[in-house]
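Encoded as structure tokens, the following chain is the form predicted alone, with no partner shown.
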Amino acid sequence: MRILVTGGAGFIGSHSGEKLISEGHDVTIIDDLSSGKKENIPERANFIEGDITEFDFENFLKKEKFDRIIHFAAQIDVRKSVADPLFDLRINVEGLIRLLQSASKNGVGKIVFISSAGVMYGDTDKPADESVAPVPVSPYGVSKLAGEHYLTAYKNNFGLDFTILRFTNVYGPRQDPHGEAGVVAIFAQQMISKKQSALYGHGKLQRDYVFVKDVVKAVVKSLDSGSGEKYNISTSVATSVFELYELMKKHFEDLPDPLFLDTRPGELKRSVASFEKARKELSWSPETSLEDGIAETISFFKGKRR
């Protein structure tokens, strides 16, 4: 298939591009490189530097005739969305609508939309499934939910198919410390430099960490499955920040003791999602243990440092 990956120079987008190319697909990446990196782009991918809020999708999609679009490009910083909600709106909503409008006119078979489980479900006592009513509190979360609704509207009105993937905290090689699950990259870089790490919420905050290579498998499966559906891509396992730190610490020696700090405003205490629907309908389950994923991630950052 001919596949367009927006935001394909980023952490998860670049891994997805590599996987798609390895399976024989023709991949084109569009990225404005505001957070993505040129060195992340797979060698055999076609690359176009462009901003989704300005790019001429109309003529481009008419000319290129893509079978699928995987939409990673987004503003993902929660705090930035609070400080500048109009900027968040412009990228996450206006940018998406421009893409959907052109895709619906030019024969694109399907959009795979990357959403977020954490901002949808808020604090969770048990793994939240897709039936839980979304409760986004940040402009970023609102923009992602709006995107999900726009996808439904375009399917109902124009027949443009979609699958929504709600990721929990994705981590792995190439992770950006400023991304949603940036704590893994932050800890890795601090530990390599022998710097003190800060554990917010006194290390008690819990997250659902899913390895990037497992996430990519879900992206590939959704190319031809899950019509009009949304899926959590997660592990259903809650891991505290302290547990994560201790797991990562095993790969280093002579580290300074961490600093335990109060929870920052707006941070969730516990965020974990159920992947049962993805298991049943996409035949997807996470395969990489946190121990193995962390080991591979740390090895990457150590190699990059050298």
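Model, not experiment: these values are computed from the prediction. When you see a residue number, it is the position in the sequence shown, counting from 1.
One more form of this protein exists, namely the form predicted in complex with a small molecule; it is left out here, but the text below deals with it.
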Quiz item: Of 160-168, 101-109, 123-131, 218-226, which is the one stretch near the small molecule in the predicted complex, taking non-hydrogen atoms within 4.5 angstroms as near?
Solution: 160-168
Quiz item: Contact between E276 and the small molecule in the predicted complex at 4.5 Å, heavy atoms?
Solution: no
Exercise. Would you check, heavy atoms only and a 4.5 Å threshold, whether I12 touches the small molecule in the predicted complex?
Key: yes
Quiz item: Taking heavy atoms only, is L261 within 4.5 angstroms of the small molecule in the predicted complex?
Solution: no
Quiz item: Hey, in the predicted complex, does D26 get a heavy atom within 4.5 angstroms of the small molecule?
Solution: no
